[in-house]
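Read the single chain below, which is given as structure tokens and is the form predicted alone.
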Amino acid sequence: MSSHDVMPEMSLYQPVRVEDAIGIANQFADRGWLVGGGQDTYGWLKDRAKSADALIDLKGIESMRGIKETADGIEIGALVTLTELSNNPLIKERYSLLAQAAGKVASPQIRNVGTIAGNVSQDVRCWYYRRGLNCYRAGGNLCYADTPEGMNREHAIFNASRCVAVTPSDTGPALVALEAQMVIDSASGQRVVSAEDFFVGPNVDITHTTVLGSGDILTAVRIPAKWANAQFYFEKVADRNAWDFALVSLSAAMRVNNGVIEESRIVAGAVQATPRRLTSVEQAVRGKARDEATANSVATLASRDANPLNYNHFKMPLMDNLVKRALRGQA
């Protein structure tokens, strides 16, 4: 009889080139698990909620490390840790939104190990799903959270489609706000996908949270110079300041000229399965002053189309108030 206190038996591969990792990933297909920091992976495997025949440890691939300037912004290697991201002088100076978001993930110990790729690729945190119950996302025919008895305080208020779990990523909404590009390598070559299209909801694919398929490896994240040194706002509301996942978060990037908002991207986290662009708010504030009056006049647009569950109605005013705080430019 196996113990849940130890890892199940599986093969370990430690490639040093992306091409080799792709080859191994293709060999094992869905039975191979790509590992960067492993903070999400090891919990699944140890709890026996998911299984794999092989772990493909990517940490030895040097080409997936580092943060560098490019002709049109910066490129962040997929293996860059969240601590590196939050402390990097270039990120802090030009894209402080991302540095703040990375600095709010979990705990210092987890940020020291967890990677940017892992944070955006992690699976949802619904406890029914994580306990191994046969819900829709696990291939069953029921969402346990979306029932009269279901505990759904942390779940979605938008765009639920059989599954009501939310994205757990703190950096994902920031990357969407910054118009980041996700670089994906596979046996068929390299493709670049916008951060906004990288995340997928249950209406598109209920078994995955991103566009990554079997044999795909997220190797880098690119952030365009367009939003460098813009005015940023990040806030994460959670039950505890450390460790916890967001109840609601807000990432905003704004181009402001003489106090007037010329362009903005405002993205909420933890309100649906993907980062949620608040396009109605973005459109409403274009050409308006970044001040209290603008904040008060448009904030309720944020939650206008929400469809809350039994126990998460509080997310609507919380979301509206975060938008207010972002638009008036103060906490």
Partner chain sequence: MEIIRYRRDVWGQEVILGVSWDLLWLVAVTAFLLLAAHAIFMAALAKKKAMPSAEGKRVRRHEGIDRAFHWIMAGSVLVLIFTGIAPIIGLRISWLNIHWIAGLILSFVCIFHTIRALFWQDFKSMLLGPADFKEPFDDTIKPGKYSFEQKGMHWAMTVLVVAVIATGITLFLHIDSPWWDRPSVENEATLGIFFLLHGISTLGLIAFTAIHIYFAVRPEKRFYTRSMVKGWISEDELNTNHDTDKWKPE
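These figures come from a predicted structure and were not determined experimentally. Numbering follows the first chain given and starts at 1.
Missing here is the form predicted together with its partner chain; even so, the following discussion is about that form.
Asks: Decide if the three candidate residues Asp146, Glu149 and Arg162 all line its partner chain in the model of the complex, where lining means a heavy atom within 4.5 Å.
Replies: Heavy-atom distance to its partner chain in the model of the complex: all three under 4.5 Å.
Asks: Quick one: is Thr210 in contact with its partner chain in the model of the complex, heavy atoms, 4.5 Å cut-off?
Replies: So Thr210 counts as contacting its partner chain.
Asks: May I ask you to check whether Gly139 falls inside a 4.5 Å heavy atom distance of its partner chain in the model of the complex?
Replies: It does: once its partner chain is placed as it appears in the model of the complex, Gly139 has a heavy atom within 4.5 Å of it.
Asks: Taking its partner chain as it sits in the model of the complex, is Val204 near enough to touch it, meaning that at least one heavy atom pair lies within 4.5 angstroms?
Replies: Output for Val204 is yes: heavy atoms within 4.5 Å of its partner chain.
Asks: Is Ser194 part of the interface with its partner chain in the model of the complex - any heavy atom within 4.5 Å?
Replies: Output for Ser194 is no: heavy atoms all beyond 4.5 Å of its partner chain.
Asks: For the chain seen here without its partner, which of 69-77, 126-134, 256-264, 83-91 has a heavy atom within 4.5 Å of its partner chain in the model of the complex?
Replies: This holds for exactly one stretch, 126-134.
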